[in-house]
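The chain below stands alone and is given in C-alpha cells; this is the form predicted on its own.
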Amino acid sequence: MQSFLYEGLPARVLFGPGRRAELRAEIDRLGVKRALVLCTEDQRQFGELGAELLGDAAAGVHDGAVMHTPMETVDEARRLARELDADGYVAIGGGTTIGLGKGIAIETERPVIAVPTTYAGSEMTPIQGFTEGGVKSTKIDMRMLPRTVIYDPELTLTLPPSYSGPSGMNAIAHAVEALYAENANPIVSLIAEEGIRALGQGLPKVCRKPDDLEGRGLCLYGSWLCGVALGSVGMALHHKLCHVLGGSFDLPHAPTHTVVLPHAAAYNTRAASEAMGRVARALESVDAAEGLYDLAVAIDAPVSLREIGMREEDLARAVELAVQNPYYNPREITEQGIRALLDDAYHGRRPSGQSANSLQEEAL
C-alpha cells in the first residue's frame, strides 16, 4: 500500500432531529456569555430562532451575510461584534452565513458554533473563499473551524428543491475532488465515497418530497462527510473554476458547482480513473461524469452556465483567469482543454466517456 499522511480535524457534532434545542448548552459548554447570531437577510427567521434558543446569552442578530463573502461584509460584522462585546458566534444558515462566521473568527479567535440549514458542508472545514476587488481567494486556517456543529434535519424541511439540489451537488463536489487530491489518503477516500453515496440517495428523495425527514437526514449526513473530506485534503481544478466563475462573474455559488462538476470530472476521467471509479460506484452509474450530470437532471438542478447567468462573451476571460496560478490537478491544465470544458458547461452538454477521451487526447 502507498504511504500517506492522515490528520483528523477536531470536530464535535450533534446530529438528529430536534438537536437545535441543545444550542444554549453548547454555548455554555464553551464558556461563551454573549453570542452574536449570524444569518442572511433572507434567512432572518433562522437568526431569530437562534437568538430565541440562546435566550439571555444572545448578543444580537446580524443578517449581513452575503454570497462569496466580500471582505467589506466581514469587516462590518467584526465591527458589530466588537460593539456588542460578543465573545462567541452562532452561524445559522448555509455556506454564506458560515463563511461570514469564519471571517470573523480568523481575526478574533472566538468560538463559532455552526447550525447548517443547507447541504454545503463548509461547516466542517477550515477553508473559506473571500472576495476582494472582484477576485475570490481561498484561505486555510484552523482558527476558522467551528468548535461545534449541530445538524438538525428539521431545519432543512423548508429548503425548496431548487436550493436543496444545488446545495447537495456542491457538497458532492467537495468529495469528488478529495478522491483525486494531491494528498488523498484511503481514510478520507472512504469518507468521501460514503458522502457521495448518501447524497446520491438523499437528494432525489427530498427533491421529490421536501418533507421527507429521512431523506433530509441522509443529505445532512452526506454533506457532513463531504465537508470533512474537503477540509482534510486539497482542492483541484473544479474548485479553481468555481472560484473564478463565482468571484469574478458573480455567479451563484452552489449552482455553479452543480454545473461545472460533471465537466471537471470528465476532464479528469482518464488521469484519475480509480477516483472516478469510486464516484461512479457511489452513484450506481457506469461513468462518474455521466452519473453526476444525470443526478443534476434528476433533481431538476441547472446544468448550464448560460441558465445561471454566465455570458458567452465572458468565457474567454474565465479561461484566462482559470489557467493563472492553477491548483494541483491530476491532469495537466491547458488553455485549450479548459476552453473546451467551459464551452461544454456553458451549453450544458451531457459529458460522455467519448468526450472525456477526446479532451484527454487533445491535451497530449
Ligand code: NAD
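Numbering starts at 1 and follows the sequence shown. Values in this document were obtained by computation on a predicted structure and should not be read as measured data. Rigid core here is just the name for the largest C-alpha set that superposes within 1.5 Å across the two forms.
Form predicted in complex with the named molecule: not shown, discussed below.
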Per-stretch contact check against the named molecule in the predicted complex, the hit in 199-207, 217-225, 184-192, 119-127 (non-hydrogen atom, 4.5 angstroms): 119-127
Is there a heavy atom of Arg331 no more than 4.5 Å from a heavy atom of the named molecule in the predicted complex? no
Any of the heavy atoms of Leu145 lying within 4.5 Å of the named molecule in the predicted complex? no
Taking the shortest heavy atom distance, is Lys102 within 4.5 Å of the named molecule in the predicted complex? yes
Can any non-hydrogen atom of Val319 be found within 4.5 angstroms of the named molecule in the predicted complex? no
Thr73, His238 and Leu251 each touching the named molecule in the predicted complex (heavy atom, 4.5 Å): no
Given that the named molecule is left out here, which of Lys136, Arg110, Arg278, Arg270 has a heavy atom within 4.5 Å of it in the predicted complex? Lys136
Proximity to the named molecule in the predicted complex, single hit among Thr156, Thr131, Ser232, Thr256 (heavy atom within 4.5 Å): Thr156
Taking 2 Å as the cut-off, check whether the CA of Gly165 shifts that much or more between the shown form and the other one after a rigid core fit. no
Does the C-alpha of Gly215 move 2 Å or more between the shown form and the other one once the rigid core is lined up? no
Please determine whether the C-alpha atom of Gly291 is displaced by 2 Å or more between the shown form and the other one following superposition on the rigid core. no
